[in-house]
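Shown here is one chain on its own, the form predicted on its own, set out as structure tokens.
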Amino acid sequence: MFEFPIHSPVEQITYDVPDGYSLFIKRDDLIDPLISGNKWRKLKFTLQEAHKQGKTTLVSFGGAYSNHLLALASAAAKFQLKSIAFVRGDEEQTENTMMIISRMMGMQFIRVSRDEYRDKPALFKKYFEKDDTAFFVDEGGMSAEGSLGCEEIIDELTDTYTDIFLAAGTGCTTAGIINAINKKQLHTHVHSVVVHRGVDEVTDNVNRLSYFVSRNSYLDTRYSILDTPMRYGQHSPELLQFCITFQQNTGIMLDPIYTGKAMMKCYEWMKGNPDGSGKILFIHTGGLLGNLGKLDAFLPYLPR
């Protein structure tokens, strides 16, 4: 029922890569215009579980600019399901572009305060306890099913790498990557770049979803949780300039919320180890429509 062809080539990046390193990018951003990056991977087995239970209404959670909610709305429409989302921050009364596109895909929104939003199971119970069609989908697609879907990123690779870099919001994709490389007994080091200040939360999620981490001290050394000095959605002039310069020299778009932060950290890591070497894979986890909320911020850095 859930056929969804994957187009995610691996391309080499030569722009500004230090000597001794080779850099490649897995283009999950090309999977789909709306269900892009790691979004379909985290939804695939979740939708299968919902179908198995006879559920036809997907209920999830997110912020006003959530790529996850837009992807969920699009996936629900594609497979003739209903989608409803709790949106945090009732002070934001004006609908933005992301929410409008999601509504065009059939999604319904329930606005709740930030305090209410913190207890997602309670919200689901309050509104849908008596709805036998409703299926709980955690924020960002965070689940064991989501992690399992992300394992397929590694399964699709035809080459091996010394290091993998990717952005992390919940840690779900990171856990899937770690599970897959250890199943295949690869000696690849995973660098998970947390794009907000909840490093401890991401670490806990990775430990909970991984089959291997925290159970074997050797395997624990095969991954790192890297942080950024910025809050979720926050940007700096250096980050915006990095995204623009990278895009203009590679033709590959990033966003300043997820992939821009992670790619900038990847370059910082390579340049901070000038005597090192390695074959690095950057996993592009999508999220490009997040740029719609940052257009005004980009304007001062664009050429005239």
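Residue numbers run from 1 along the displayed sequence. Just so you know, these numbers come straight off a predicted model, no measurement behind them.
The protein also exists as the form predicted together with a small molecule; that form is not presented, and the subsequent description refers to it.
Chemist: Which one of these stretches, 47-55, 243-251, 270-278, 31-39, sits within 4.5 Å of the small molecule in the predicted complex when only heavy atoms are counted?
Modeler: Checking each option against the 4.5 Å cut-off leaves 31-39.
Chemist: Between 178, 168, 73, 137, only one gets a heavy atom within 4.5 angstroms of the small molecule in the predicted complex; which residue is that?
Modeler: When the small molecule is considered in the predicted complex, the option within 4.5 Å is 168.
Chemist: Please determine whether residue 67 contacts the small molecule in the predicted complex, using a 4.5 Å cut-off between heavy atoms.
Modeler: Flag for residue 67 set to yes.
Chemist: Would you please decide whether residue 258 lies within 4.5 angstroms of the small molecule in the predicted complex, comparing each non-hydrogen atom pair?
Modeler: Result yes; residue 258 sits at the interface with the small molecule in the predicted complex.
Chemist: Can you tell me whether residue 85 touches the small molecule? I mean in the predicted complex, with a 4.5 angstroms heavy atom cut-off.
Modeler: Result no; residue 85 lies far from the small molecule in the predicted complex.
Chemist: Would residue 172 show up as a contact with the small molecule in the predicted complex if we use heavy atoms at 4.5 Å?
Modeler: Residue-level check for residue 172: yes, a contact with the small molecule.
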